[in-house]
Structure formats: structure tokens, C-alpha cells
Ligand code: NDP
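Read the single chain below, which is given as C-alpha cells and is the form predicted alone.
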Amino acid sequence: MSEKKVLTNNFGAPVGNDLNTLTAGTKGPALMQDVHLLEKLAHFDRERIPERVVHAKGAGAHGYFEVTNDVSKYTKANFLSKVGKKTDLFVRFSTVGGEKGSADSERDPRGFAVKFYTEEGNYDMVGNNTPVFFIRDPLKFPDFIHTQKRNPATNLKDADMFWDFLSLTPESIHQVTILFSDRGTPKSFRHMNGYSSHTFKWYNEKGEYYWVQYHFKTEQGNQTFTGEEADRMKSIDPDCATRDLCEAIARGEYPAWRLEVQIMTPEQAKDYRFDPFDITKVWPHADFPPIDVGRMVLNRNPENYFAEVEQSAFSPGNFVPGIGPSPDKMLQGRLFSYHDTHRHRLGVNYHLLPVNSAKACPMHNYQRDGFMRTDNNGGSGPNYWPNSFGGPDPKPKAVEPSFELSGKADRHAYTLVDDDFVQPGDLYRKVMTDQDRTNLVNNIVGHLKRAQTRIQLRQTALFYKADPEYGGRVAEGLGLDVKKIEQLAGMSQEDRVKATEA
């Protein structure tokens, strides 16, 4: 039997009594010289770090990724270089809009973030369980998230805020259709897919590059709640998805996902019928069939939630040689915002926390100092470049290949290659079953009925533009005049707003 550990303070000194405060006499008052009490209280006061602005509630697990198909002609990323190669990783699943104490079964997109600990540095794939998103310009993102949070006056969730923004943002219709289908309430984190949503760039040893989108397909099969089941689960077990993941791994039922990618050449992207960098659109599989890349398995639970899940930090700006960004405007905004919010939440040296640090390769650079520097801070080495004192050198082969950019610097309005209603209409007509469509309409009506009539009219007109039956059924569920909805659908967005405000 191992020797029992001695309780100490934060600096290793043994603690003689951890039950009784140092006082003047048996009744007190307490003495200021009780440094053990002060240390415990001061630390306790600071135990809560700022909650994530989005993706506040989540669950995580460790695992590995194994390459099952040769994709080296598309990318020189070392961790994808040969069949059979394994890379350790950490995954965090999350809800998006709710607070840390919200229910796992809320109708909400789910975050799907993967940190690969590669031999060339950490690579993060930061996606969702949906292949598209609500908006395509990062300038709208703070406003959109505000509408998913609480009303600043009442501190209550507000259907008017929620639907007012969406009804004035037609590009959101594709994601709204997915969100209010049963896919918006997955049964567990194990039973949902993950998507990069964004387009990324892969490039090979020759400097040739390709546009790529990721699809993590669950091997457990997709399973979802109906709206009624999801609402009931909120009271039965608000932590149902967190519990399911933890207990499945503890039982040895290791969840797995198959990674597929869609590949598009630069030439195909130039005149493709949809903008390949528009995150509100998908690439139809008939045009770009997915190809297998590998398999992700989660086989180890965290030992400490705070250290490994709460302090984990992912960024779409964490690339390795062979992978880079695309011109997607939303992605470009995220490249800045994710690192920035982590520095605010965890501190400038958050990359040194064990769950975030590079594990398969050393980290050498000239960044120094800052709060919570947990290593030797570069020791006596130089803190500038260039230098002649043996500091780390850049690696020219790691430079990303160049590509042409042109155009006037301006706040350009988005130019549609095709309208925003084609893909959600196809999703409703061609992909959903009769039961899927019924559940979708019921879910929308149940939420949208809490908004003002003028907002209901605007939003229902967008559903009608995607598909007349779709909009008509929502209108009927809300008690709106279908003929009026048809008229509004035929108007421009500006005229539609004027007509509903009259």
C-alpha cells in the first residue's frame, strides 16, 4: 500500500488542521494571521474563469485518429501522410447558444471541435454538427449571437429577438431549416455527425492546392430526439449527452467517426454554380463525392473536467504545413476571434496549459512573459529574431503556397451565384421524409408563435420562398393568411419589411 499523501498548502508546506479556523478563543473572531484560511478563500473566489461567450457547455474525451486512405497527393500534412498512421487527439462537443448550466437537449447547433496533437504542431478542426451556418459575414456575428442569448432588459430568452434577426437575414434559411428539424436535437454527442462547415485549403509537396470540406460521420448511427422528447429530457436529465459520452467510454463502448472529405480544384471553384466559400451552402455530393480519409476513436475520459475540458481551447487558426484557410469571410473572422477570446478567458499563455500544449513536438518561439507562464519562459535564450545566439530558425518549407488575390478594398455586399433558397428548398422536398417535414413545421410553429405577427409574416415568407408547401404549412400552423404569405414571398426583402411594418 502506498504511503498516504500529506495535505499541504499551495507551496508545499504541511497543513496541520483543515477543519478549524484560527480564532481568538473558541468563539472568535477569526485572526488575520490564518494564512491557510486566506489562501483557501482567495483561491475559491477565483475558481470560476469567464464562461465561453458561445459553446459554454460541453463535454470532452481523448482518443486517436488513424489514416485509412492515402490522401498524400492532396496534402503534405504529416499526420495524414500514410495509411495506418495514428495521431492522438482531444475532442470537445458542446451546445452553442446556451449558458454553462443549460440542458444538453436544447434545440441548438452542437460544436464539434477536434485537436490533433501532430508531429508538426497542434491542428484544430473547429466545426459543428451541421454543414452550414446562419450567416456568411463575420460583421454580423456579434449581433446574431446576441439574439440567441437573453434580452438585455428582461434577462429572458426572447422569440422576437431570435426571429426578428433571422427574418431580416434571408441567408439563414438553410441553417434554420436544419436546426428546426429533428437534427437540431441530437440524442447524444455520439449519435451525430461533425462538419468543418467552412472550406479549407489543402496543399501538397509540389505546391498544388485544393479546396476541401470535412465530414465526420458517426459510426453509431445518427439518432435524434423529437421536439417533445427533447423537452421532456430537459427535466429528466439536463446533462444527458454529457453523461452518455462519459458512461459509454467508461463501459468500453468507444465512439468512432469516419472522416470523409470533399475535394474541389481551384479550376472547378472558379465557375461552380454555388460559391464554394459561402458557409450557408453545401457542396452537393453528386458533384463532389466524399472520399475516405480515416477514423477517429474516443477511448479515454478526462481525469479532471476543469483542466481538460473547461480549459481546452480550439482555434480554426491552428494549422500545420499542408493545411490552410480559404477566402471564406466567416472563417477569416474566426481566425482572429478564437485566439482572442481564449486570451481573454484563459490568459495570454493559454497554449501552455497541458490540454492545449503541443505534445508530439517541441514548441520554440520568441514570445515571452505574460500571466501564468508555466515553463522556463525561454530561459537565457534570445527573445528576438533575427539573432546570432542560436535561437530557433524559421523553416522555409513550411511556407504556404501563394495564390492570386485582386479587387478593390471596399465593404462589398455579397453577390449571389444562386439564391439562398435553392438548397433549403431541396432539403425540404428531396431529403426529408413526410414525418421529417411534419416535425420541422411543428417545431417552427411552436417557437415562432411566441414572436410578434409582423415577424411571423416576414419569416414565413422566407419559408415560402424555399418551398410553397413549406411556407404554407407554417402559415397555417400560425393562423396566417397563406395568400398574404405568397404575396410577401414575391416581394424584395426591402419591400417585404415595409409591407409587414405598415
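On a predicted model such as this, the values are computed, not experimentally measured, just so you know. Don't overthink the numbering: it's just position in the shown sequence, from 1.
Keep in mind that the form predicted in complex with the named molecule is not shown, yet the notes after this line are about it.
Not displayed here, the named molecule is approached by residue 174 to within 4.5 Å at the level of heavy atoms in the model of the complex. By the criterion of a heavy atom within 4.5 Å, residue 345 is excluded from the residues contacting the named molecule in the model of the complex. Using a 4.5 angstroms threshold between heavy atoms, residue 136 stays clear of the named molecule in the model of the complex. Residue contact check for residue 222: one or more of its heavy atoms lie within 4.5 Å of the named molecule in the model of the complex. Not one of 77, 204 and 291 comes within 4.5 Å of the named molecule in the model of the complex, counting any heavy atom. Picking from 37 to 45, 452 to 460, 430 to 438, 55 to 63 the stretch near the named molecule in the model of the complex, with a 4.5 Å limit on heavy atoms, gives 430 to 438. This chain appears without its partner; in the model of the complex, the one residue of 215, 351, 334, 187 with a heavy atom within 4.5 Å of the named molecule is 215.
Between the options 116, 209, 283, 314, the residue in contact with the named molecule in the model of the complex by a heavy atom within 4.5 angstroms is 283. Of the residues in 185 to 202, those that come within 4.5 Å of the named molecule in the model of the complex through at least one heavy atom are, in sequence order, 193, 195.
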